[in-house]
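Below, in structure tokens: the form predicted alone, a single chain.
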């Protein structure tokens, strides 16, 4: 993973754990030393899920198991976990040490499954990458390990049931607002006549068991593409890929129209829904027009986050709020990756906190849209910060969303609040300067 100063993301094991914890009915079992599970617990204690923080079962292996193998300790941990943790599915994941010494997590999970326990294994390890790759890899292992399910595609023709879609690419550890974002997408999709598997939240285990029933896999970031490709290969389910989740009435309209055409949905019902959304957009957003021209017009901004977050939020601010995005920093792109759009300013790829701070200092931005890790540099620059990317430590998120229509309203309100804070800070700075003579 290279030498990174003040990294904003954990390792692949942390990404896998954050993913599994957010799926209702799934209990992860960690084959690792105590430090791996504890670091994850401390880093993700505010994230919320069904199995979180210190409640995550861990084998807490010591030197003896690392040297001679931890199979017997894992066997014991699986049996104890099933006794005390109420789960529908148990997923064994491991640490770097276990991977290096060759602990057979898949074999141990299979042994437990042969005894009638709902246990599967994933050969994830921290050195496989960051949290994004952890999400992708553990989902691939879930797909491969779950039993072949009888597909029920075509139910719409048989019984009139609405088609099912799976959602991939928005996940804990990647999108800090994933709960609200996925629920907003669910609201839109159900309104145009679809059923939705978002996997995270209520009904998560049931969604896993029916993922092969989907008529279409919807992908909202580069991190869901491999998952959708695996499902297409295994079950023949087609996929529809977007660079980011829709934000704002224009993006929602294009999104809904694409699904109506792809799945032959009721166009009239979708049009009625979009008309109502447009009326609501005007009601909420046009009411803030005067304040925008008073305080929000002509702002220069810098945005930091993974590619989906930057494209969604940066794109909305650039297109519909006329914000000048001076610097866009993609934290999930490597040097070998082709960078997404740059909004007319400078685009960079780095997850290094020191480099990000230097880039922000040279951006000339009036506002910063980034993570809580950029709080210090924003304070030094004297510009306001809105935390839109991982990690977020300065606010409780709840069901807040920056997707769909509701997300546009929330972002518009937050943007104008940020602009007002910036204007006030600039006035105070000027007053202090004049007072100092």
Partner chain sequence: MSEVESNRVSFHGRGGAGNGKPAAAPKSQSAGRHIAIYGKGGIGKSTTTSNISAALAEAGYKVIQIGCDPKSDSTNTLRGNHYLPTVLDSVRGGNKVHLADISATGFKGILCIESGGPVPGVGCAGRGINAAVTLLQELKLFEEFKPDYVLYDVLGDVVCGGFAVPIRDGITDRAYVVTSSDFMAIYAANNLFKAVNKYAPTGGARLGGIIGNGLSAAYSNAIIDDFAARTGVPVAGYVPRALVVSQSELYGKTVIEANPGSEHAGIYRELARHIAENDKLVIPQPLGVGDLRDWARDWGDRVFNLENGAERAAA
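Numbering follows the first chain given and starts at 1. Just so you know, these numbers come straight off a predicted model, no measurement behind them.
Beyond what is shown, the protein has a form predicted in complex with the partner chain; the following relates to that form.
Chemist: For this chain shown on its own, do 269, 283 and 358 all sit within 4.5 Å of the partner chain in the predicted complex, going by heavy atoms?
Modeler: Negative, none of the three is within 4.5 Å.
Chemist: Does residue 244 reach the partner chain in the predicted complex if we count a contact as any heavy atom within 4.5 Å?
Modeler: Contact check for residue 244: yes, within 4.5 Å of the partner chain in the predicted complex.
Chemist: Look up in the predicted complex whether residue 128 has a non-hydrogen atom within 4.5 angstroms of the partner chain, and give yes or no.
Modeler: Residue-level check for residue 128: yes, a contact with the partner chain.
Chemist: Applying a 4.5 Å heavy atom distance criterion, does residue 140 contact the partner chain in the predicted complex?
Modeler: The answer is yes: residue 140 has a heavy atom within 4.5 Å of the partner chain.
Chemist: So in the predicted complex, does any heavy atom of residue 299 sit within 4.5 Å of the partner chain?
Modeler: Contact check for residue 299: no, nothing within 4.5 Å of the partner chain in the predicted complex.
Chemist: Among 118, 123, 80, 350, which has at least one heavy atom within 4.5 Å of the partner chain in the predicted complex?
Modeler: The residue from 118, 123, 80, 350 that makes the contact is 123.
Chemist: Of 288, 341, 191, 85, which one comes within 4.5 Å of the partner chain in the predicted complex, counting heavy atoms only?
Modeler: The residue from 288, 341, 191, 85 that makes the contact is 341.
Chemist: Work out which of the listed stretches, 271-279, 195-203, 172-180, 306-314, brings a heavy atom within 4.5 angstroms of the partner chain in the predicted complex.
Modeler: Among the listed stretches, the partner-contacting one is 306-314.
Chemist: Within 4.5 Å of the partner chain in the predicted complex, which residues of 389-404 have a heavy atom? Give them in sequence order, or say none.
Modeler: Heavy-atom contacts to the partner chain in the predicted complex: nothing from 389-404.
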